[in-house]
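Single chain ahead, written as structure tokens, the form predicted on its own.
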């Protein structure tokens, strides 16, 4: 294991304006144009590429945890901006194609609910799918995974963000971060766009705690990461929300930077092509990139160890539950180690707060934890629960003009309950 700090240095992006070519594009039409989807005028007016935003909460990363964090912050009344480098929300569930999030239940009871479950449940219902019966304890943990239509999930997540008043900026990512008297100045960039964000709180949901790295706060990473999974379908058509895609391991898959993601994506696609030639069947579906299991984790105010996780330790500052076997993948495969009957791990607020950090909180697989604990914590339902907790905490910290660690725990738990979350010690909603 190594402790790395990211320098935060970024290449300077050259600023260009949309000239006469852009004007020509504006008048272009096609015979099959669809009427009814309009771009808001304030976005059209930003032709010079310079944008400024003053918000309470900036969520970086619109994946499993970030989408839920943003919705929670927005619903709590915080002015919220969500920055996502890809073209859609959902992360592992959508871009990665692992469209069977779990686990929301343990030992016959639902232990994770709230906004993440709301989005999953409504996606399944709109798609005419079936939800598992959480009152029945399955023989194998994966039997209570919830298949969702990844395409429907992505646009419903976007709808819920919009309804919560969350502004979304796709294709953008922070390039520089400066501490201010009131919080942060975050300079983001995308193609044709330079955005300056003034915010009170940052929620880092990048998967690998990339904002934490830019701030030169300590992170942990293994010398060799778990393999990623390239998801595809050959032979028969993909039936979204009704089954799982085929998967190939991508050994050495690393989501730390654009270079390693490029390498992992090309390696995965090469393996799929070889599989198609070997099987002599049609390729019917292919995800745009692998699903990544592991990268950087923060060094938080506390660290969840595998003993804490497998013993079901209830922390004094527990803000959500988690549940999944210890699930470490290697070159020889994976042998999940189920938790003992009745065991339900919890996640403390301090594991979401970088050590010595101020006005920043994380959520998702970068939670402060050792490698084995992280192999169980990194799954989608737990990340959704962390995201909601982080969004609630950040919104309250912005409201009180304080840091996440200084927000009264009782207020965080009260806000979470108001928005449907299950706080450790609460009864299942039934």
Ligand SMILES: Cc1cc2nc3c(=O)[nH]c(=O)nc-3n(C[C@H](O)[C@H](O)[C@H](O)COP(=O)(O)OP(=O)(O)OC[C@H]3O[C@@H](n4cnc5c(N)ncnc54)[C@H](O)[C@@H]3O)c2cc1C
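Positions refer to the first chain, counted from 1. Given the structure is predicted, the values throughout are model-derived calculations rather than measurements.
What comes next is about the form predicted together with the named molecule, which is not displayed.
Engineer: Picking from 99 to 107, 270 to 278, 338 to 346, 115 to 123, which part of the chain touches the named molecule in the predicted bound form when contact means heavy atoms within 4.5 Å?
Structural biologist: Among the listed stretches, the partner-contacting one is 99 to 107.
Engineer: Is the named molecule close enough to 64, 145 and 364 in the predicted bound form that each of the three has a heavy atom within 4.5 Å of it?
Structural biologist: Affirmative, all three are within 4.5 Å.
Engineer: Please tell me whether any heavy atom belonging to residue 81 falls inside 4.5 Å of a heavy atom of the named molecule, as the geometry stands in the predicted bound form.
Structural biologist: Residue 81: no, not in contact with the named molecule in the predicted bound form.
Engineer: Is residue 74 one of the residues lying within 4.5 Å of the named molecule in the predicted bound form, judged by heavy atom distances?
Structural biologist: No, residue 74 stays farther than 4.5 Å from the named molecule in the predicted bound form.
Engineer: Is the gap between residue 393 and the named molecule in the predicted bound form 4.5 Å or less for some heavy atom pair?
Structural biologist: No, residue 393 is distant from the partner.
Engineer: Are any of the heavy atoms in residue 292 no more than 4.5 Å from a heavy atom of the named molecule in the predicted bound form?
Structural biologist: It does: once the named molecule is placed as it appears in the predicted bound form, residue 292 has a heavy atom within 4.5 Å of it.
Engineer: Going by heavy atom distances of 4.5 angstroms or less, which of 232, 184, 134, 173 would be at the interface with the named molecule in the predicted bound form?
Structural biologist: The residue from 232, 184, 134, 173 that makes the contact is 173.
Engineer: If you apply a 4.5 angstroms heavy atom cut-off, which residues in 70 to 92 are near the named molecule in the predicted bound form?
Structural biologist: Those in contact are 83, 84, 85, 86, 90, 91, 92.
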